[in-house]
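Coming up is one lone chain in structure tokens, specifically the form predicted on its own.
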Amino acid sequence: MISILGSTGTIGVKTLSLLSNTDLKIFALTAHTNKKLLANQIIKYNPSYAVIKSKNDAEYLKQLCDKKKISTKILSGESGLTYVSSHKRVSHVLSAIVGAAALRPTFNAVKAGKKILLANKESLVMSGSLMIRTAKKTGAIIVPIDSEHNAILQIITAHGSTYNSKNNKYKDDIDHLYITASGGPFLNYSQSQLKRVTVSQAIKHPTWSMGKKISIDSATMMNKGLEVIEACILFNLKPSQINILIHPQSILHAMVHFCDGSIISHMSAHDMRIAINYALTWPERKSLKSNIKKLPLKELFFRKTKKNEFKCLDLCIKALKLGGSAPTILNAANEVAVENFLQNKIKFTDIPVIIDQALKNIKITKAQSIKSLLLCDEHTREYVKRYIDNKWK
């Protein structure tokens, strides 16, 4: 059975549409505040449990279930997420909650030895090797859904690289790899143009349809930086082994350069269902019907990122090298900055300035426990909010 954390988001909705391709039954669906869509999903899929953040929304859903004579049990808050992510009847957990809120339920699923379909990169970025070490102890399997990491997994699985759980490593035949980035909607903008970027412009990604937060992260290249951190953790690689290529067409998602000089790439259309379908059935591959019959392969453009070209990307590399709680500080500062940009309180170009300020002024400690990381996350958010309030009154 599967618990889908974030069933009302883009990834959650697409996953629900693909479950008929598997033998999985739905144990739980969860949402943050979208009670209307969650209600419709409860009616359609009749899960054993449903979880929503507020108690008031939970009461609304309970009344709906009573009225419709639906047996779904309604839970609320973090305790509800913990329950459905670690329940003994659950074999698979889709982690598609946005941001740091996914950390605790995802980690609980890892502690319970589940197969984690990871669409939330922040939980891995924040917890880093702590989550991987725990997975080694419990036998949990983490399968990425991000198109780039899913592409890497597809390449190394097809190539025959086997996973060694004892040292969290695939066979020592990967020399380095490439992940691609569209460059976002402002690829060739000057600094003066970036200062005038509006929220409506920033949330319009040129190739993918995503939520507001991840669209902003893609526009700043923070998303790509988080993916570099995630790739290092997932595949036990050094930052120097990961290269980023600007590829506006977003057709080729990753390339793996093996020790014998061979380079194997993965290409697909702009359809997240491909990555989700593979994650659901990995290590097998099952058929997926697609409306896209032909890829636009006439011209594919690639170039390396330039030094100091993307400030948020540079900050991610910095946090990765600093280690410890630095990625947690980076992520928390970014989430608060993006939230303030979406509310038109700061400019687009202020986002990396705020993140840099947090990394320079908040003490970096060892990532010893989830509790310590969550305290660091909370402290960072409070610091950044005060910094923004003082600087942008």
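In this text, residue numbers run from 1 along the sequence as written. These numbers come from a predicted model, not from an experiment.
The form predicted in complex with a small molecule is left out here; the points below concern that form.
Here the chain stands alone, but in the predicted bound form its contact with the small molecule, taken as any heavy atom within 4.5 Å, falls in 120-128 among 197-205, 239-247, 120-128, 298-306. Contact between residue 184 and the small molecule in the predicted bound form is not found at the 4.5 Å heavy atom cutoff. Contact check for residue 21: no non-hydrogen atom falls within 4.5 Å of the small molecule in the predicted bound form. Of the heavy atoms in residue 140, none are within 4.5 Å of the small molecule in the predicted bound form. Among residues of the shown chain, residue 33 is one whose heavy atoms approach the small molecule to within 4.5 Å in the predicted bound form. A heavy atom within 4.5 Å of the small molecule in the predicted bound form is found for one listed residue only; from 156, 84, 254, 214, this is 214. Of the listed positions (272, 174, 112, 90), a single one reaches within 4.5 angstroms of the small molecule by any non-hydrogen atom in the predicted bound form, namely 272.
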